[in-house]
Structure formats: C-alpha cells, structure tokens
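First, one chain by itself: the form predicted on its own, in structure tokens.
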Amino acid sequence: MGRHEQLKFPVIRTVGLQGMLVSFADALSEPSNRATLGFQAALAQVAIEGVIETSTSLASVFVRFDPSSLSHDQLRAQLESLLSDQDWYGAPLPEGRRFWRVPTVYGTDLAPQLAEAADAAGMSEAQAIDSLGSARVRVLTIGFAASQPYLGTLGEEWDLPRQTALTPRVPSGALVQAIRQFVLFTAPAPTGWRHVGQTGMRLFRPEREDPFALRAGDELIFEPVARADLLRLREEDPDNGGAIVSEITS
C-alpha cells in the first residue's frame, strides 16, 4: 500500500505470530469506539476455539490466539465472517455495562490545574466545574497502567492540547483532562494532562478475583463535592471514595 493510500475500515492486520488486530478507524470517534466495544463482546459470545484473549484500544480490537490450534488464515476468515454480520458502527453497546456516580473535588490544592484548564477552555472556574461535573462519559478503553481508564468524549470546548511540559506527579484517583477526554489515574505518575479533579476511587484491586474496578463501556459522571466531603468519603469507603454504581439497563 502506498504511503498516502488510505485504509478502508474495518481492516484486519496480523500482529506477530499470535495476534490479529481488527481496526474500525485510525482515530477515536463515537462510531469507531462503539464498533470496537460491540465487536469485542460478539467475539466473547462466539468463543472461537484457539482464541486466548481479546482487548480493546480506542478504535481497535486485539485478538491473541494459539497458532498451534488456529492458523492466521482460519482466524482471519472467522473475523471477516463476524464483521459481515452487521454494521458494527451502529451496533448497540454491549449489555452488562455500569453507571458510576463519582464524588469529585474540582480545583483546590487537591486538583491545582483546574483554573489553568478553565482559562484554556474560555470559561470561569465555576463554569468549568458545571461543564465537567455534568458530563456523562464512557470508558473508551483501559490503558497506560493497570485498570486506568480513558474517558470521553467531552465537548469541543475541551479539545485542549496536552501540556508542553510534564506535571511531575499526580496522585492515584486524579482526574486529568486533555483532547476531549479524561484519564483517571490508577497510581501516582507524571502526566502531560492537566489535573482538574480529585476522586477517592481505588481502581486497581489486586487482592480481588476481578482486580479492575472499571470496564470498557462503563459510564461515569464526576459529581462536584466539597473538599471536606471527599476526605470523609475516602476514609469511610477506601475503595470507591463514595462512588455509587448501578447497572445500565437500556
């Protein structure tokens, strides 16, 4: 394929000896992420013999398989067959997703870059809290660290670039923002995104059978609370920091 020739999506590509990648776009969009989540759920239902595991990015599904029991050609044929079953870009989102209401402090010393982000978005801090605190976002993918979600998408006004320098460290539970997305940090780490909110959620729970608190497809809203309330909730509920979860039924 020529350098400037565009791929026709969805496309299946070989990844090493044990992987195939099904891509629905070369960038995040609502339809491409919807297709990714729906296709991974369908793969779980059909349970192709020889497939070991699947995982998703913003717009692709990775399939790892055992080449001693399933050839690349055989797997490609089954993936092509499944792709032809329906329009995945308009497919319903998978069942079993959950809705989380997460108490969040915006600004203060707990999230010191809110003012900077609000200014870049052309808002006052109060307007920014109203906007970010009322946005219902979806876990688009899990990545970068164990159980760490990328969430979106936010409105066009939040299409802010990453910083040109790194913030040396944000704590676990930090809500950071850039490019119309949030990231909720699993563990303390540097970041090029702005730290706008702080939650009490503990996302990685290695002592549990299912150690990831969130799944791709879950939806969240980061509801504004006072600093004192978050500190109390974090002490009373060390895992969820007062977050309330319910099943999404439709």
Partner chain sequence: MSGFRVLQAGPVVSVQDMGRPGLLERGISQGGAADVLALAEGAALLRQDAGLAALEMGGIGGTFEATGALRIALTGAPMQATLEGVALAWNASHQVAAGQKLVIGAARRGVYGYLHLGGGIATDPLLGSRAVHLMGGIGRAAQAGDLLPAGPDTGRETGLGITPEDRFAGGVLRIVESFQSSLFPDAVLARFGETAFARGGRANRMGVEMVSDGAGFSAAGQLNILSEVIAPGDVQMTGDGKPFVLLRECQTTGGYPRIGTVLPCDLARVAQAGQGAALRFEWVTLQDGLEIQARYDAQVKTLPSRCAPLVRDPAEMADLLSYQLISGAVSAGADPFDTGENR
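Residue numbers count along the first chain shown, from 1. Each form is matched to the other, and the largest set of C-alpha atoms that superpose within 1.5 Å is called the rigid core. For clarity, every value in this text was computed on a predicted model and none was experimentally measured.
The next section is about a form of this same protein that is not shown, the form predicted in complex with the partner chain.
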{"property": "Close approach of E53 to the partner chain in the predicted complex, 4.5 Å, heavy atom", "result": "yes"}
{"property": "Contact flag, L21 vs the partner chain in the predicted complex, heavy atom cut 4.5 Å", "result": "yes"}
{"property": "Any non-hydrogen atom of V15 within 4.5 angstroms of the partner chain in the predicted complex", "result": "yes"}
{"property": "R169, heavy atom within 4.5 angstroms of the partner chain in the predicted complex", "result": "no"}
{"property": "Which of 104-112, 142-150, 123-131, 77-85 lines the interface with the partner chain in the predicted complex (heavy atom within 4.5 Å)", "result": "142-150"}
{"property": "Within 4.5 Å of the partner chain in the predicted complex, all of Q198, P224 and E247 (non-hydrogen atom)", "result": "no"}
{"property": "Heavy atom contacts to the partner chain in the predicted complex at 4.5 Å, residues of 30-48 in sequence order", "result": "Q40"}
{"property": "Flag for D73, CA shift 2 Å or larger between the shown form and the other one after aligning core", "result": "yes"}
{"property": "R232: Cα shift of 2 Å or greater between the shown form and the other one (core-aligned)", "result": "no"}
{"property": "CA of D26, rigid core aligned, shift of 2 Å or more between the shown form and the other one", "result": "yes"}
{"property": "Note on L21-R162 C-alpha separation in the predicted complex, which departs from the shown form by 3 angstroms or more", "result": "closer"}
